[in-house]
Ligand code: SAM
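Listed next as structure tokens is one chain, alone, in the form predicted alone.
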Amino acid sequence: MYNPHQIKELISKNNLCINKRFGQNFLIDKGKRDRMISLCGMRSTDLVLEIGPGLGALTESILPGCSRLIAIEKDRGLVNILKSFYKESKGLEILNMDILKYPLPALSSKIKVIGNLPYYITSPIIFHLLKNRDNISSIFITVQKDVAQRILSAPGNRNYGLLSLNVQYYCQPLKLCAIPKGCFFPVPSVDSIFLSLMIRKKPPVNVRDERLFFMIMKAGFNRRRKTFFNALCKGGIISIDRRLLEKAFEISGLDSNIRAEDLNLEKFACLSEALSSLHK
């Protein structure tokens, strides 16, 4: 693990610059790094996918504890540094590519995902991982504090939204530890949180039409200033006949004045099921 002075020297020596566009903030706190890796419960049989290894702060601790490590870094300059440093290492594959383009379904076994997600693309990466959840056993990620609050949020909270619902539907999210901004170089503007997202064997609610289920949630939060009822019957993402919707709300026991941010997964599922049964 490098200190700030060493990072500056290494970046300068390789004619690189710290890329703010990629959200590059390098972990420099060894104690925090060791704590994070210990919380991942590494096993010698694990196949690990590391997102954004940067200069290898996590890589050097992950590699000895797993069977194989695939490190995906978008910055070509950092990839060259990593490959030079780890050229003698076995069980490590360093790829210069965008994680959103990595073919997760092509892997022969389930992977453990670990990474410090760049702030500018955090949500797309999380949704990408959820989409490919059948190939993942668990996810351990560092995200900015506000993103963690959104993921962990409950109904009635201003941070509650589609990210909360999607993650909580497919995973069991848990805050593992806080990571103060001073643990990184350059120092970011906000603190971070290290989270675990354990993939559920099955969702906490049963829905027969997942497409409808997610569409009504998306419609509700797309127009979150409106009542949930009006968001669903006045066009946009989805438009449902008013009388049909009134019947579905009645079956579901929902107040027509309620807003999407006040509904939990069970209530969304209940409405989705009511709509599905009325469409028969």
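Start at 1 with the first residue shown and count on from there. Here the structure is a predicted model, which means the values were calculated and not measured.
Quick note: we don't show the form predicted in complex with the named molecule, though the next part is all about it.
**Q** Given that the partner is absent here, does P118 sit within 4.5 Å of the named molecule in the predicted bound form, heavy atoms only?
**A** Contact with the named molecule, yes.
**Q** With a cut-off of 4.5 Å between heavy atoms, is F213 one of the residues that contacts the named molecule in the predicted bound form?
**A** No, F213 sits far enough from the named molecule in the predicted bound form that none of its heavy atoms falls within 4.5 Å.
**Q** Is R150 one of the residues lying within 4.5 Å of the named molecule in the predicted bound form, judged by heavy atom distances?
**A** Looking in the predicted bound form, residue contacts with the named molecule do not include R150, since no heavy atom lies within 4.5 Å.
**Q** M97 near the named molecule in the predicted bound form, any heavy atom under 4.5 Å?
**A** The answer is yes: M97 has a heavy atom within 4.5 Å of the named molecule.
**Q** Which one of L78, C171, I141, I179 is close to the named molecule in the predicted bound form, taking close to mean a heavy atom within 4.5 Å?
**A** Among L78, C171, I141, I179, a heavy atom within 4.5 Å of the named molecule in the predicted bound form occurs only for L78.
**Q** Tell me, which of V48, M217, A231, L27 has a heavy atom within 4.5 angstroms of the named molecule in the predicted bound form?
**A** Here the answer is residue option L27.
**Q** Would all three of G41, G65 and K112 be in contact with the named molecule in the predicted bound form, where contact means some heavy atom lies within 4.5 Å?
**A** No: no residue has a heavy atom within 4.5 Å of the partner.
**Q** Can you pick the stretch from 193 to 201, 119 to 127, 85 to 93, 132 to 140 whose heavy atoms fall within 4.5 Å of the named molecule in the predicted bound form?
**A** Looking at the partner contacts, the answer comes out as 119 to 127.
**Q** Enumerate the residues of 62 to 79 that have a non-hydrogen atom within 4.5 Å of the named molecule in the predicted bound form, in sequence order, or give none.
**A** Those in contact are I72, E73, K74, D75, L78.
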